[in-house]
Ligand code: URA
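Just one chain follows, in the form predicted on its own, and it is written as structure tokens.
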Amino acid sequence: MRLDKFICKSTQLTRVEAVARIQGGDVIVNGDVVVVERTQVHEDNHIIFNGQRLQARAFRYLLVHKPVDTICSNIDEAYPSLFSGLGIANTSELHVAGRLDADTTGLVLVTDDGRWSFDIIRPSLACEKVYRVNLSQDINDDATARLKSGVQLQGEARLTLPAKLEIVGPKEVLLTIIEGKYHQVKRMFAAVGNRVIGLHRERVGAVTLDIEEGQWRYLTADEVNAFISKANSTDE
């Protein structure tokens, strides 16, 4: 991780304050003064600040039930951040592993472990994402077959990978995909002549949404490790 991020993660300094102290020569890494804040360091490095060795806080892994009209950002913008009012400390250190649009609700995974989140979103891991989709028109057999085999998205050179589709009702389906292209679900249904009017993510990998809207919880060790185990088996 970057040195300035490590300083923030092991002290109460803001990013601006950490950069200033690094550039001022106040940080020693493995015996050498380092003044470049983007220097990559590891948790096992010997990093001294104010005469004391720093230890980064343990990584956090959270599940958040995102409400509508919130954004997957650390700060409020045109819409409020999904963290607003949740009482989560040091949200500036966190990031979302697989963002949702402002008008999309449901399961969001949040962490400060960049390696872990990379394994969730990288295509080779084939991590399943399950969405409950409400449509403007009835889903027909032709659209179902095309979605299951792969559709051509506007601006994309290749078809989407095959999806799983469970019909819940004439205008409601459960869609399972393993990709994460920009606005993918909405674009997939647009490609088959339909329009998404409601979108809700229910599952990512082994983690299923089990809390009320606007709430959050820490992931269990088994949930965290499920992604790590899958990544390791994929890399073998």
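The structure displayed is predicted, hence computed values, not measured ones. Each residue number is its position in the shown sequence, starting from 1.
In what follows, reference is made to the form predicted together with the named molecule, a form of this protein that is not presented.
Enquirer: For the chain shown here without its partner, which stretch in 162 to 170, 81 to 89, 110 to 118, 95 to 103 has non-hydrogen atoms within 4.5 angstroms of the named molecule in the model of the complex?
Expert: Looking at the other structure, the answer is 95 to 103.
Enquirer: With a cut-off of 4.5 Å between heavy atoms, is Q184 one of the residues that contacts the named molecule in the model of the complex?
Expert: Residue-level check for Q184: yes, a contact with the named molecule.
Enquirer: Would L199 count as touching the named molecule in the model of the complex under a 4.5 Å heavy atom rule?
Expert: Yes, contact at 4.5 Å.
Enquirer: Where, within 127 to 166, is there a heavy atom within 4.5 Å of the named molecule in the model of the complex? Residue list please.
Expert: Going through 127 to 166 in order - heavy atoms within 4.5 Å of the named molecule in the model of the complex - there is one hit, Y131.
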